[in-house]
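Next comes just one chain, in structure tokens: the form predicted on its own.
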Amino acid sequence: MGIPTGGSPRRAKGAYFLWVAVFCLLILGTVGSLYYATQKVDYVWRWYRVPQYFFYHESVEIRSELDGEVKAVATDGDQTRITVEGEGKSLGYQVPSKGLRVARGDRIYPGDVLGSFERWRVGILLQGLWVTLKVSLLAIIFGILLGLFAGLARISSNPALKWSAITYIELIRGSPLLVQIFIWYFVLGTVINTLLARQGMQQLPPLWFGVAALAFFAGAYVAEIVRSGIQSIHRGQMEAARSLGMSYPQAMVQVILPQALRRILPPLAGQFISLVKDSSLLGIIAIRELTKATREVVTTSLQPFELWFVCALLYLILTFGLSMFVQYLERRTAAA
């Protein structure tokens, strides 16, 4: 049912506010129903424990490595220098003055606490959020490059380029992302790391195979988006550019692609939003992204409701931010 557009401006304005009120009632009704359902569940809500999974205070203890005696304790402002002698050698330790636990002449054994201090540490959920953001950003960048190249190859008159692009697109789009992640990690990853180890080189961590899987997956869909965007531009644009003396690459970069970009931004945004959510599958190859981090916290804290709600909210923030950024780019390109 649409909003009536006819009649007087006052009536149209009243109808507008009526439907705004209906929307607000729907939201309030949904939230109220959810709250009522949570109250009927036999579950103890502990939201106050959630912040510690973002930031927490860690107590760090400085322990002795020697069996000996405290020979000197020198305080300089907020820091204290402790010298422990024993076993024919001497070691110095720097500890905060407030956390000093020993005095000069004390007998010290290996593992004894000399001092302690507290510091803020990043929690596991924030670490997982950062990994998700990093993996998604890298996969988006590489996916755009792969998709742009494959999309141009897809419409090329060169049969080798065209058929290679078609093969890549159909293979990737025709198989599940989960299977592709397994292939990248367990098959290609094993082969690559084995070759690197034989050459005495450092092996690649699982994160890069996860990025490769996501990038190749996204690149196939981006290629089709790029192809459709380019083909939506009238061929007269290319003919006009060539008549002005431009080469095919120049005409494509300077004339066709800028126009196509304005048309493909919305589907690209949808693809990249899906990519951010698809990154949750990387937990199966030991990458502690947001979903895997949440699963680990749920296992140890037994707080599934609060933590999965928070996980969903964090994904919503990421995808909403990406959507707003793409809308900003749309407005910029439309004004250009």
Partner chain sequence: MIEVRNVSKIFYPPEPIQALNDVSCKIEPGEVVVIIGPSGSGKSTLLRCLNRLEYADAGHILIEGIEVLDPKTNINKVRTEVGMVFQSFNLFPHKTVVQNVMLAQRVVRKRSKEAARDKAMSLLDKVGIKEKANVYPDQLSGGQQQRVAIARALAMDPKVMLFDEPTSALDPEMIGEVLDVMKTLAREGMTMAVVTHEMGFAREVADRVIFMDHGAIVEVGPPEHFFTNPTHERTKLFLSQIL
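Numbering follows the first chain given and starts at 1. This one's a predicted model, so the numbers in the text were calculated from it and none came from an experiment.
There is another form of the same protein, the form predicted together with its partner chain; it is not shown, and what comes next is about it.
A.B. asks: Consider the chain as shown here, without its partner, and state which of A160, L244, L195, A74 has a heavy atom within 4.5 Å of its partner chain in the predicted complex.
C.D. replies: Answer to the contact question: L244.
A.B. asks: Which one of Q127, S90, Q250, S97 is close to its partner chain in the predicted complex, taking close to mean a heavy atom within 4.5 Å?
C.D. replies: Only one listed residue qualifies here, and that residue is Q250.
A.B. asks: Consider R262 of the chain shown here, and say whether it contacts its partner chain in the predicted complex, taking contact as heavy atoms within 4.5 Å.
C.D. replies: It does: once its partner chain is placed as it appears in the predicted complex, R262 has a heavy atom within 4.5 Å of it.
A.B. asks: Considering non-hydrogen atoms and a 4.5 Å limit, does its partner chain approach V255 in the predicted complex?
C.D. replies: The answer is yes: V255 has a heavy atom within 4.5 Å of its partner chain.
A.B. asks: Quick one: does Q79 come within 4.5 Å of its partner chain in the predicted complex, counting heavy atoms only?
C.D. replies: Close contact is absent here: in the predicted complex, Q79 is far from its partner chain, nothing within 4.5 Å, heavy atoms only.
A.B. asks: Do Q237 and its partner chain share at least one heavy atom pair within 4.5 Å in the predicted complex?
C.D. replies: Taking the distances in the predicted complex, the answer for Q237 is yes, it comes within 4.5 Å of its partner chain.
A.B. asks: Based on heavy atom distances of 4.5 Å or less, which listed stretch (82-90, 204-212, 229-237, 128-136) is in contact with its partner chain in the predicted complex?
C.D. replies: The contacting stretch here is 229-237.
A.B. asks: Heavy atoms within 4.5 Å of its partner chain in the predicted complex is the criterion; list the residues of 104-118 that meet it.
C.D. replies: Stretch hits: zero.
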